[in-house]
Structures are given as structure tokens and as C-alpha cells.
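Only one chain is shown below, in C-alpha cells, and it's the form predicted on its own.
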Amino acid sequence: MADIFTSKADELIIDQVLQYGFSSAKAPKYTVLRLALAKSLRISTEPNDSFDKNEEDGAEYTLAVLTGKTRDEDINGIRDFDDAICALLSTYHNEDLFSNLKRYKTLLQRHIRRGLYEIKTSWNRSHDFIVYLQEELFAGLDFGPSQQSSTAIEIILIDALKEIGVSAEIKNKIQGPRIDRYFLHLPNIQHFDQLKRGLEKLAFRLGLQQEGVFIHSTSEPKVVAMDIPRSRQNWKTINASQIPKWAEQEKGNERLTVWLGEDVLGKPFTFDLIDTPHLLIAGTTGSGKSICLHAILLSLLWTQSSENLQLALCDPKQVELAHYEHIPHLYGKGVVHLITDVMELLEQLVDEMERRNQLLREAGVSNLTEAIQQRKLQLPRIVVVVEELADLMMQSRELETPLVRLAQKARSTGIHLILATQRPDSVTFSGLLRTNIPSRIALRVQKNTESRIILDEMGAEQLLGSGDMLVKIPQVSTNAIRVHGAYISQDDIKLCLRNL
């Protein structure tokens, strides 16, 4: 008799992991199921009952195969880990599952199926699966003292600086979620230029591969700040569980404040979408672009009612924004997918922009914020999200016309654009769009030319991936700010939507 059930979609991701992740389609499926369990246990919120349904076209597994229950010997790689897994789940859920077998099986199935779903949404076939597991299962864990002491690392850094011709003294060190910031005193100011020119060699000397070393000037004379990434197993995970707590302080605020995560020193990073007022977001596959979008959407949904905020969502891939299909905040017909529907939606928004401009003129105010403050108008702000702009632009270049019009004139009417893509090029982000949308978020990209398209400067090609980003918002700072995005799971999204 079966103990655990999976769905057809679960079995598909299991097969993909075996074929493309392990390059062995004949490997035992329980290997992937156990990894899915480990992935789920890394999430702080409990899996919900949506994973309880036993679907006819799925598969069935026994505890004997899955956890090795009652196996006295190692048979075909299966040992008896059942008591250990039961203990883990008992601790996680703070209940005694040894005395309730039915409950144990229910929770085990929920965790496994949630883990499979998380793998499906966060792993790409082109991404080395072993590296993916290292990033997902071990990042942020404390393994005790590292092989090299802090003093030893500092000695290596000073030696590396000398090799590129820079004499420096370490004055201080601050540890952030993913990087260590060293404050270096340069006795010879000529060495500052030498340091900037030698950053690539310095990264190579420190064994950072594609990950770069970033430097920043400070207010202290002859002192420069240097950001050096730690190994991934020593990263601190930034959990989305902070969003509801942060949102409690923001509720009732007419501003469209967004929480992305933390800066490199571990301080919360927020900005106001009204001041932005439009945003370009880009990053390669696996960089964390979609999760960044979810962070923005959850921030808005946690803090704003449907009377104050409407979301116009365009998702040509029909995957990333599917969770938001039934929220009360939707503008128009709902989440749109087809190019014809997207064009119709944007033209409708242009008409709404013109209507609002007329209302503002009649009220004798210059923008919606002023109208609301003077209680002359009460209109909801509209945030337009295009999840994959490149796909839509490939289908029709005519889409650029309403987007440019909105970018040029919609700010004062309370309509804001968020345009995202994983293919940042001059065709997707034309000169007209970039000119009218100065605020940008760049996640990791493959080439420095792509970084220039997004930020008008290099740097995004040296980011760490997994939500590491450079945020350039003129109203916040003249320089790009490095931010580590929060990890947002499907459960975090479901929790938010349940509370609407």
C-alpha cells in the first residue's frame, strides 16, 4: 500500500532532474524526493494542504523506498533513515509525529511535493545541478570556523594587493549577508588608480572566478571600502518572512514603498515607486529577476488595499504571475498573456492616463499626489508589470509606442511601469525607453555590454547571482547601490494572497 503520492507535474520535474541534473535517467527517483524534502525544510513557513490531493496520473511511493523504513541492511542504496526523518519533521512542526503515523505521512508528502515545486521554479536545465544544490541547501548554514582564520585571509588580501602594486593597511572590517567589506587605508593616493585598474587581477588572485571585487570611496581621507564575496556556504539567507513585519509599519501610507532585501551591510533596503517613477529590471536566467519582481509585488500587496492600488500584469510566459490571477487588485481583464491582449491593455492605460490628466487640470493640481493630499481626487495608483518584455517586443515592435507614451507622461497621473526581461539588449530596451526610465535594477548578466544597457555602466556581469543586484534610482542615490534580494518561496506568495 502506498504511503506518499505525487502528481504528474511532480514526476516530470523528477525525470528532468535525473536526466539533466544527474545525467542518469535510470537513477532511483527516491534520490530526488529526498533532495526535495531537504529543499522544503530550508523554508521557514510550513507547507499548506494544497499538496494533500492524491492525483490519479501521478505516482505512489512507500516509506520502505522513500525513507528506508524497516530496512536493516543497505539494499540498493536504501538505508533506514525513517526515524531520523520523522525526528526532523517533529522538530520542524513542533509536534510528536512518532505517535501519529498518518500525520507523519501527510507532512512528509507536503514537504516533498513543495520541495519539488520549488526545484521546478528555481532550477534551470542550463544551471549545473550540483552547484544549484550547494547554493540552495547549504547557503547561510554555519559550519563552524572556516579553514582560514580571519587573520589569515587578511594576510592573503594584503599580499594580493602588493602583487598589483598597492600598499594598504586594513583599518576595519564589516561582515554583511554575503560579502565582507574591508576598509583600506592607502598611504599613497596614487595607488587608488592602481587599485581600480587591478581589480580583475585581484579577484583572480583571491580565487573569485567570475565574481568581482567592488570598491567604493568613503568620507574618510585615503580610506577606500572594498567588498569581497564570501563562499556561498557562508551566506546569510534573507527571508521573505521579514516583509509582513515591515509591512505593518507601512500600512496606511499613501506611498508605494517597496522592500527588496538588504544592502551589503545587512540594512533593509527600500524605495518608493512613486519617486522612481518607472523601473527597468534585467538579469540573465537564474539571476533572481523573477523573485525580485515578486518582492516588489508582495511589498505592494502587503501594504496597499485594492482601493488605493491596481496592478496591470502582463505575463507572456504564463508562469511567473499566475499566482496573482484572482487578486482583488487586478486592473482590466486580469493577467494578460497574448500580444493582442497586452496591446489592448496598454492602449487602455494610455486612454486612462489622458482621462486622469484632464481630471487633474480640472482640479487645478499638477499630479495625483497633490490631488490626494488636497482631497480633490481619490484615484487608485496603477502599477503596470511586464514580466518578459523581450518576448513581447519580438512579436510586435508596435508595443513600444504606448510604453514610451506612458513612460513620458504617466508619472503625474499615478501610473507606473515596471519592465523586466532576461535579454537586456538595445532592441528590448530602446533608447527612448531608457531615456524616459532612469531607474534601473540590474541582476547578474553575462556580458559587460548588457550591464551598460541596463545601468549605463559596467558591474552587473560581476555580481554573485541568486538575487545579488545593483539598484540605480536617481532619487535615492547618484550611484548604483548593491542589494541582496530576499528569497521568496511559493509559500510566501500564497501566504500574502491568503491575507488580501
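The shown structure was predicted, so the numbers you read here are calculated from the model rather than taken from an experiment. In this text, the rigid core denotes the largest set of C-alpha atoms whose superposition between the two forms falls within 1.5 Å. Each residue number is its position in the shown sequence, starting from 1.
Another form, the form predicted together with a small molecule, is not on view; read the next lines as being about it.
- Here the chain stands alone, but in the predicted complex its contact with the small molecule, taken as any heavy atom within 4.5 Å, falls in 285 to 293 among 394 to 402, 356 to 364, 209 to 217, 285 to 293.
- Only one of the listed residues (Gln175, Asn124, Gln242, Ser426) places a non-hydrogen atom within 4.5 angstroms of the small molecule in the predicted complex, and that residue is Asn124.
- Listed residues Tyr132, Phe81, Trp302, Phe192 were compared with the small molecule in the predicted complex; Tyr132 is the one with a heavy atom within 4.5 Å.
- The closest heavy atom approach of Gly21 to the small molecule in the predicted complex falls outside 4.5 Å.
- Not displayed here, the small molecule is kept clear of Ser40 by more than 4.5 Å at the level of heavy atoms in the predicted complex.
- A residue is said to contact a partner when one of its heavy atoms sits within 4.5 Å of a partner heavy atom; Asp315 fails this definition for the small molecule in the predicted complex, lying far away.
- Contact between Gly467 and the small molecule in the predicted complex is found at the 4.5 Å heavy atom cutoff.
- Relative to the superposed rigid core, the position of the CA of Lys39 differs between this form and the one not shown by 2 Å or more.
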